[in-house]
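The data below hold one chain only, encoded as structure tokens and taken in the form predicted alone.
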Amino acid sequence: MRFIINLTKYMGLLFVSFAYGSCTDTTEIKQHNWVLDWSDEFNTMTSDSLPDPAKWTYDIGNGTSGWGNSELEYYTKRTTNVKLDSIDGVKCLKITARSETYEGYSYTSARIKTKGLFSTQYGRIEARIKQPYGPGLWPAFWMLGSNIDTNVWPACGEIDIMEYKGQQPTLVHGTVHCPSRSDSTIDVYITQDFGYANTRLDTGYHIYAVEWSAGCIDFYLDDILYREITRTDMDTEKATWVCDNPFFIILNLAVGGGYVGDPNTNTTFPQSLLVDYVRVYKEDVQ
């Protein structure tokens, strides 16, 4: 694989893109006519202050071995961990990680999903998010194949629209996971990090998105295309492309785990992931 560094000016801001292999030129933005298909603006308060139950359900607990990642939190649906709120004039979803003893764990947080309520195949999937800050914090905006109950991960596929390490506040990570051709229980992934040189993602809201079509997923930060991952890329890695099926959406804030490491003395709690909205667009083919 070749390693490319692109330094590009965009609206007066310098950003750095690290690309592997046959990454599409970041200046080549594809034109689409998007029409809103589904959204949650998190503007309408519910009687219990929780997210709209017609759109979101919950993962509760710690899963198997910290959801497979050695995470340290216990996910709940308490309003201390997940609620609709208004912060600095923005009505939003607030997912909060806390340092507290609960159900035998030292941290709590929340993980919500559209599984069984909404799934999508292709289109633009985006969210406007303000990140938390601190070592050991791992927020994510991502998707899993809706057939996960019959095709256990990674065979169902995974699209990580946004992953973020709390100790690296200028970087976002976008990733596609598919199963190995030789063994569907083996995860093969292609990932890309990207960020601004002088702008932290925890000090304001930013838009994280993918534009997804047959055999291709483009990753965006604030409408800057920073990576394209394709079926051909997965073929090169000897993996089976499984990202042409319906996927559901997940939002969560993990604590600890192999991806991000554990919190330390520089991590203050509580910390919150704020989501202004989630929107799903389809291509208008008329």
Partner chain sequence: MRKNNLKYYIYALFAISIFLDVVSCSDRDVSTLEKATQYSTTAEVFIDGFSQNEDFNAWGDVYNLNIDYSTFYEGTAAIRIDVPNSTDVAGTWAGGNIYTQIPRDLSGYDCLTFYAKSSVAATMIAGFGINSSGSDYSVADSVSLNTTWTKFIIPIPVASKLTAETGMFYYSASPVNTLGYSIWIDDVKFEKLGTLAYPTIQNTLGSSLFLGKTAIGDISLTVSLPTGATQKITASSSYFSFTSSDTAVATVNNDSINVIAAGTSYIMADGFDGNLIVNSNGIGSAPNPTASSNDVLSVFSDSYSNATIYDFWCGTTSISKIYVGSNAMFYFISLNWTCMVLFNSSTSAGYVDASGYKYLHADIMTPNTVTTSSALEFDLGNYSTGSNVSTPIYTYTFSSTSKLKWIQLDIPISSYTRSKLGYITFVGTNLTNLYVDNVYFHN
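Residue numbers count along the first chain shown, from 1. Since the model is a prediction, treat every value here as computed from it, not as a measurement.
One more form of this protein should be noted, the form predicted in complex with its partner chain, which is absent from this view; the next part is about it.
Hey, in the model of the complex, does residue 202 get a heavy atom within 4.5 angstroms of its partner chain? Residue 202 belongs to the contact set for its partner chain.
| Is there a non-hydrogen atom of residue 99 within 4.5 angstroms of a non-hydrogen atom of its partner chain in the model of the complex? | Residue 99 lies outside the contact set for its partner chain.
Would residue 215 count as touching its partner chain in the model of the complex under a 4.5 Å heavy atom rule? Residue-level check for residue 215: no, no contact with its partner chain.
4.5 Å heavy atom contact, residue 153 and its partner chain in the model of the complex
So residue 153 does not count as contacting its partner chain.
Fill in: Contact segment among 194 to 202, 176 to 184, 111 to 119, 83 to 91, judged by heavy atoms lying within 4.5 Å of its partner chain in the model of the complex
Comparing against its partner chain in the model of the complex, the contact stretch is 194 to 202.
147, 79, 168, 106: which sits within 4.5 Å of its partner chain in the model of the complex by any heavy atom? Contact residue from the list: 168.
query = Taking heavy atoms and a 4.5 Å limit, what residues of 118 to 157 are near its partner chain in the model of the complex?
reply = Those in contact are 133, 135.
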